[in-house]
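Here's a solo chain for you in structure tokens, the form predicted alone.
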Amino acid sequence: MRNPKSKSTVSTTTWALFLTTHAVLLEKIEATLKVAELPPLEWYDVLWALERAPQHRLRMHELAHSVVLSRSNLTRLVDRLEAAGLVERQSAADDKRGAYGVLTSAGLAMREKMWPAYRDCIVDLFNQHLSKDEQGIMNGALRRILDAARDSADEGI
């Protein structure tokens, strides 16, 4: 086993750089949304997941998986979105314990209002620094990593 105090390898450097880049970009996006007097990015993620879903609704566990949040964190976030009138909860007819998160028309309007600011951040902070080929390579690599991580989670790892 490798000594954690030994010199960094390319792979650990890549991992650290990925995490740092992610954190810095999210911070800049959040600042842009705040200046534009828009809700936080996590709101956008939930609204976008619901907009893409059939009938604009997902079971809460499906929504948590779509936005990569724990069930408890998602519950609190949906509480805030519901209080803002952007999402509503509907009981599942086939499972009295289950519930759906459902996008409201106000939620759709908010997601559409947030998109231009978010899109500009994606272009300015990310896309403009990568060629189309580099974007394709990153897309393929990140997709493989995500799929493998989800497969291992499904296997109980």
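One rule holds for the numbers: they count along the sequence shown, beginning at 1. Everything numeric in this text was worked out from a predicted model, so none of it was measured.
This next part talks about the form predicted in complex with the DNA, which is not shown.
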Students should find that, of Lys28, His61, Lys113, Arg52, the residue having a non-hydrogen atom no more than 4.5 angstroms from the DNA in the model of the complex is His61
Just one of 44-52, 125-133, 105-113, 65-73 has heavy atoms within 4.5 Å of the DNA in the model of the complex; which?
65-73
Answer yes if any heavy atom of Leu38 is within 4.5 Å of a heavy atom of the DNA in the model of the complex; otherwise answer no.
no
Is Arg119 close enough to the DNA in the model of the complex to count, meaning some heavy atom within 4.5 Å?
no
Answer for Ala99 alone: is it within 4.5 Å of the DNA in the model of the complex, judged on heavy atom distances?
yes
Those residues of 77-95 with a non-hydrogen atom no more than 4.5 Å from the DNA in the model of the complex are Arg80, Arg89, Asp94, Asp95
